[in-house]
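As structure tokens, one chain now follows by itself in the form predicted on its own.
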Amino acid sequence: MLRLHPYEYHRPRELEAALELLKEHAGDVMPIAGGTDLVPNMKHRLFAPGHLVALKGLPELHGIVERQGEIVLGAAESLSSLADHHLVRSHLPSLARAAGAIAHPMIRNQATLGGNICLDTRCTYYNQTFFWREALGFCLKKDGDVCHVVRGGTRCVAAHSADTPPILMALGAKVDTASPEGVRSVELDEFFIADGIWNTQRKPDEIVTRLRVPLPSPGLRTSYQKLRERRSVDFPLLSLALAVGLDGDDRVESIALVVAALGAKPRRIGGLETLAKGERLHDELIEEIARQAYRQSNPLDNIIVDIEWRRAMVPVFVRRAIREALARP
């Protein structure tokens, strides 16, 4: 049985009090919302904070509303709420689908949007018990100085494995945060960095408070695709999000394609505006977009699944995403 280490659990009633606790116990504290990822990681001794600050009861982090041309999503809203909410299902159906594809209902009822945004990266050599990792000699991400994925590598390449960020990025979402130093807003594209040890700009004493998504234009079509070993529970081996804006003549006005689970951060496929803008999405163009995504996707051996197969699935899922998006009203 894997047991938790001793720690002190704090349950503040307002955001300001939570921020004060993070400041007071700096260096030995972590925020916790649903805890569906953090608690198992604590049992594996990947994290051992002396203090946990609960966020799920903070009213400032709740609510899903339409406001000033945006859908505002509270970071403490559960993934089930996100998947089922009428505003999300009507305006952001692919986000509802991404949230509903995570794990299973019991996890989704507890896990939160903010927790999914801040989900720790995953790797074959990291998400193991302390005994297993010690026998291997630890790794670059935790307790060691060797990367077992990239021999001689000096940067951790543990994989970003969250489901909601790719579609939120494709939709142009912003993330709002709060810390003892104040509040700030960051484009979700810029929030993630290519460092598997800590793959976001978020500071240890900073809390994600909400996500803000622009209301989609009438011609925007979206899709979310997820590759995994089973149809439920599993983390993605590949996730892919598409947002394409069409004019009244079905010509491309904008296109965003984001792939994730291949590296430490979600990757926006480049060059698609030049390739597709002003064109109709005919079969030849779809194939060229699929090839472009394949060329820019290079998975690493950080998950126990063949990397060439995962890469080969990229164009397959691009085709599926585009055709599904075009079929939606």
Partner chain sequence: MKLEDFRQKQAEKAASQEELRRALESEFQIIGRRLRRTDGLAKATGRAVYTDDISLPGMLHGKILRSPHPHARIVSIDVSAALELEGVHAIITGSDMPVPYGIIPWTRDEYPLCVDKVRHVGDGVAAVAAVDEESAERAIGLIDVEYEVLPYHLDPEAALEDPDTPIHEPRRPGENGNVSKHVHLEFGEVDRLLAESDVIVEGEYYFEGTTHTPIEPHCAIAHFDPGGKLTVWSATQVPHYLHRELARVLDIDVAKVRVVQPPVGGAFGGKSEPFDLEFCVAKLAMITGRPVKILYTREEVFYAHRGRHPMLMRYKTGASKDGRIEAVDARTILDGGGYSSFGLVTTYYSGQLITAPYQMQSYRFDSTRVYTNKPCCGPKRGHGSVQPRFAIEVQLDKIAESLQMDPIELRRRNLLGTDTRTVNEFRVISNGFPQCLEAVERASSWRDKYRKLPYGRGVGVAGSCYISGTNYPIYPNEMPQSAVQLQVDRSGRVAVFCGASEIGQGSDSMLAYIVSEELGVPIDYVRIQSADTDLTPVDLGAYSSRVTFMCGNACIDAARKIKRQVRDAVAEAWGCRPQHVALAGGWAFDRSDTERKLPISEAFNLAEAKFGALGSMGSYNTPKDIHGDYRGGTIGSSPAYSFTAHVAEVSVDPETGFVEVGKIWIAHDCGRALNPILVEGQMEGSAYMGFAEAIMEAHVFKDSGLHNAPSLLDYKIPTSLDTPELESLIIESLDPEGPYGAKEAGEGPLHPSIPAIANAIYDAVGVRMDRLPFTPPRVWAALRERGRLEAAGQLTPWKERSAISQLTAVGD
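The model shown is predicted, which means the values in this text are computed figures rather than measured ones. Numbering follows the first chain given and starts at 1.
Beyond what is shown, the protein has a form predicted together with the partner chain; the following relates to that form.
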| query | finding |
| --- | --- |
| Among the candidates 179, 124, 201, 254, the residue which, in the predicted bound form, approaches the partner chain to within 4.5 Å (heavy atoms) | 124 |
| Candidate stretches 205-213, 188-196, 112-120, 221-229, one within 4.5 Å of the partner chain in the predicted bound form by heavy atom | 221-229 |
| 4.5 Å heavy atom contact, residue 304 to the partner chain in the predicted bound form | yes |
| 4.5 Å heavy atom contact, residue 320 to the partner chain in the predicted bound form | yes |
| Residue 328: touches the partner chain in the predicted bound form, heavy atom cutoff 4.5 angstroms | no |
| Distance check, residue 183 to the partner chain in the predicted bound form, heavy atom within 4.5 Å | no |
| Partner contacts in the predicted bound form for 128-152 (non-hydrogen atom within 4.5 angstroms of the partner chain) | 128, 129, 131, 132, 135, 136 |
